[in-house]
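First come two forms of one protein chain, each written alone as structure tokens, so that there is a structure 1 and a structure 2.
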Structure 1
Amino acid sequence: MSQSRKQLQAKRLAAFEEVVKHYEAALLRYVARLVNNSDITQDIVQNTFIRLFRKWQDEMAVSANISSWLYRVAHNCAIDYIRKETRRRELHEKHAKERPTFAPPDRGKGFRITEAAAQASEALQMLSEREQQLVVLKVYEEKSYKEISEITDLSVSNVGYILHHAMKKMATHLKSAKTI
């Protein structure tokens, strides 16, 4: 490898490190809320960053475009995992003839799950994958409808429509369970 190419690679790696530092916490939180498993969350976020390094052709810097891209890829990886896990669990339940039960979220060692977090997670799990994604992006990540639309490829009006139904569903559920 020539000297200039080595320098370019080192420069790109340094920029990549900056991007990782900037987005890792947000992405880890986002994925953790979807998959509820700390080890899997770490794997998904690690693979998302690897893909970014390999696929991102433009300048590697903190930007709205990179942010949308990262959320989109992390979400797709999380959904792949959830689908695989659901299939595995269904197979297991078919054999064990057990009813599905709510599993409290696992956010890693030393992380204490509070009552509010468990209740929010339970309410979230009753939604479809798409609804969960939008609620997490809107309520937890505080993204605007426009940003959510860029991440999910949905129209802005569709984002509002899905969110309305998801929030109404959760509010009704939490009220009937006397949580709120």
Structure 2
Amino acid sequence: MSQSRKQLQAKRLAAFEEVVKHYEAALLRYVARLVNNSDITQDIVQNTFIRLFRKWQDEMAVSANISSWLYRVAHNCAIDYIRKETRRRELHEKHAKERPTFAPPDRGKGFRITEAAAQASEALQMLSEREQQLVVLKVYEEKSYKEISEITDLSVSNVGYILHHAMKKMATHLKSAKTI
């Protein structure tokens, strides 16, 4: 292998490592909120980066294009996993219609989830799968409507419509929880 080819590979690998370093934590958070399984989350994010390394032909650098692409691939992989698990669960456990509850990771002795955060999480679980995905992207991942549109393959106006109604549902649920 020629010296210049080795240098190009080393440069590409360094750029790839920088992209992984920049986006890994955010993708892990996003996928974890979708699939509620830390092992599967890590697999999905790892596969997302493997696909990036194999597919990306342009110069690899932290950018909006790579961000949208990574979120879209991670989103699609997570949705594929969710669909596969749903079908499997329906076949093997017809009587169990509820999704398993998500146990957040242990963050140490001093970490406490506030009552408001617990109520917001409960309200989020009341939404449909699509609504949950959009709320997570908007609220937790702080994505714009345009970015959410690119990730989910919905129109920007559809994203806004779904988010508006999802937030209204959550607000109604939170208000009813306070009156009880």
Partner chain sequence: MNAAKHNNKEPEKNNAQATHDNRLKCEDIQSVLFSYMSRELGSARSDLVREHLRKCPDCRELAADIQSTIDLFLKARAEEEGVSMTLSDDHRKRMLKALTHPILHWITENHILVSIVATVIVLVGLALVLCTMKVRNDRPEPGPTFKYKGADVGWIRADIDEMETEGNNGVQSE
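Reference numbering: structure 1, starting with residue 1. Since the model is a prediction, treat every value here as computed from it, not as a measurement. Rigid core here is just the name for the largest C-alpha set that superposes within 1.5 Å across the two forms.
Taken from the form predicted alone is structure 2; the remaining one is not. Once the rigid core is used as the reference frame, the Cα position of residue 141 differs between structure 1 and structure 2 by less than 2 Å. Once the rigid core is overlaid between structure 1 and structure 2, residue 170 counts among the residues whose Cα shifts by 2 Å or more. A movement of the C-alpha atom of residue 29 falling short of 2 angstroms is seen between structure 1 and structure 2 when the two forms are aligned on their rigid core.
On a core-based overlay, residue 130 has a Cα shift of 2.7 Å between structure 1 and structure 2.
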